[in-house]
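Only one chain is included here, represented as structure tokens and corresponding to the form predicted alone.
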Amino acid sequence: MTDQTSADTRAFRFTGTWQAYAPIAFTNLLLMIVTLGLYTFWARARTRRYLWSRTRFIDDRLEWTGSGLELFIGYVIAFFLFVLPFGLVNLGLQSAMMHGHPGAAGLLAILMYLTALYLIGVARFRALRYRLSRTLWHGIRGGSDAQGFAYGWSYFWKTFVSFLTIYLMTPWSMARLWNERWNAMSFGSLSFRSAARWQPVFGRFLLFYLLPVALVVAFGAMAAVMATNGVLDHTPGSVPTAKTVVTIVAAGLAFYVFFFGVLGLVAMTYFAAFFREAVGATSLGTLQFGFEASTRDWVLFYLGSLALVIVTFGVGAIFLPYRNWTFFIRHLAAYGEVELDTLLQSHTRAPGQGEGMLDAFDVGAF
């Protein structure tokens, strides 16, 4: 069904162009400005309708059936159920601090953090369920019978375990949560199955984890050598020499570039490996998925998006959804056969609104 060496025979193909998407993007931007941001939900639905309709899977196009009204209703519900109460609790927290009750303020802050942690897990699950329920292929949609509340608890304690181990168990947490999320989803009459492992990517994560320590130790040793050689000598009350100022500035810039540049690159190698492992371990019936983006692909993708936004003074951000989707589809692969005769319509309950909690907490679905 899929030839990994030929783009013409790939299971997933994108047939749109940025020139065709540009009128949609600029119209969305104009309407969002005119409506003071209210059109955001309809803009997102309009963008997805275009991107889905230009995406082919084997012999048919995808179709997005979600609407802006559903996204708007979801956000309004989340605002009154979560955003507003969190705001009121935050006011109570500040009042407790002003009236000299740091203990009560600290307790409120901890409760807010723990509640938000649970709700973020629920939001991610429900957003994925909503997107699958609004994605059609051959008229068949996806979904889940689960509501995401159990997943929220799983997300809560696994993230907490990661926190207690100073984030050393992050790959374990990410792989387990990926599996739980996708094992609860289905498309048509077929269930997704995922068995992603954390062990194959732990080495890259360990490099990312220990690199900041190594960099701080290296720069600390360099500063000690400079101090020993008198480079940093300075008499209190006197003006530092030009050599001392230049050395300190150069050391600061070098630390900044190495810390964020090298650390960002190493982080990219980890995420590239994780997505290859996670997507590669996911299947639907006899169909096996794969994600073929290398670290170089991810780096070029992010640098391109960054350049697009900077060069256009921010206007180019309207093309980021297009870039994100095409990057995802270009590297997504599928191997195996789809037996259409056995693929029946989903009987999972389709949610009436979507992604409100995700918008409220401003986190990604994946």
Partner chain sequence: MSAPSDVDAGAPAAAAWHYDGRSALRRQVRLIVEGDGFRLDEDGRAGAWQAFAQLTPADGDGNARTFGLQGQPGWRIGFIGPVPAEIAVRLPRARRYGGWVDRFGLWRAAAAFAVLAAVAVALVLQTPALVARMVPASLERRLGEVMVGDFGRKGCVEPVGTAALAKLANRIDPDDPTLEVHVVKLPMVNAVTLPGGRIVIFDGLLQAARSPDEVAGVIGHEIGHVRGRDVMESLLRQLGLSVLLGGMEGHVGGYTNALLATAYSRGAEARADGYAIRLLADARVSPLPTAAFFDRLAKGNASGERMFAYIANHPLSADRAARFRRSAAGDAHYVPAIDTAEWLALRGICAGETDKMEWRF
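Numbering follows the first chain given and starts at 1. Remember, predicted model here, so these are calculated numbers, not experimental data.
Same protein, other form: the form predicted in complex with its partner chain, not shown, and the subject of what follows.
Enquirer: In the predicted bound form, which of 162-170, 216-224, 138-146, 119-127 comes within 4.5 Å of its partner chain (heavy atoms)?
Expert: One stretch meets the cut-off, namely 138-146.
Enquirer: What is the one choice in F291, F202, F208, Y75 with a heavy atom within 4.5 Å of its partner chain in the predicted bound form?
Expert: None of the others qualify; the residue that does is Y75.
Enquirer: Only one of I110, M98, L253, A242 comes within 4.5 Å of its partner chain in the predicted bound form by heavy atoms, so just point that one out.
Expert: That would be M98.
Enquirer: So in the predicted bound form, does T35 come within 4.5 Å of its partner chain, heavy atom to heavy atom?
Expert: Flag for T35 set to yes.
Enquirer: Decide whether T27 counts as a contact residue for its partner chain in the predicted bound form under a heavy atom distance cut-off of 4.5 Å.
Expert: Contact check for T27: yes, within 4.5 Å of its partner chain in the predicted bound form.
Enquirer: Does any heavy atom of W298 come within 4.5 Å of a heavy atom of its partner chain in the predicted bound form?
Expert: Residue-level check for W298: no, no contact with its partner chain.
Enquirer: Is the gap between G103 and its partner chain in the predicted bound form 4.5 Å or less for some heavy atom pair?
Expert: Yes - in the predicted bound form, heavy atoms of G103 and its partner chain come within 4.5 Å of each other.
Enquirer: At a 4.5 angstroms cut-off on non-hydrogen atoms, which residues of 328-348 are near its partner chain in the predicted bound form? List them in order.
Expert: In sequence order, L340, D341, L343, L344, Q345 come within 4.5 Å of the partner.
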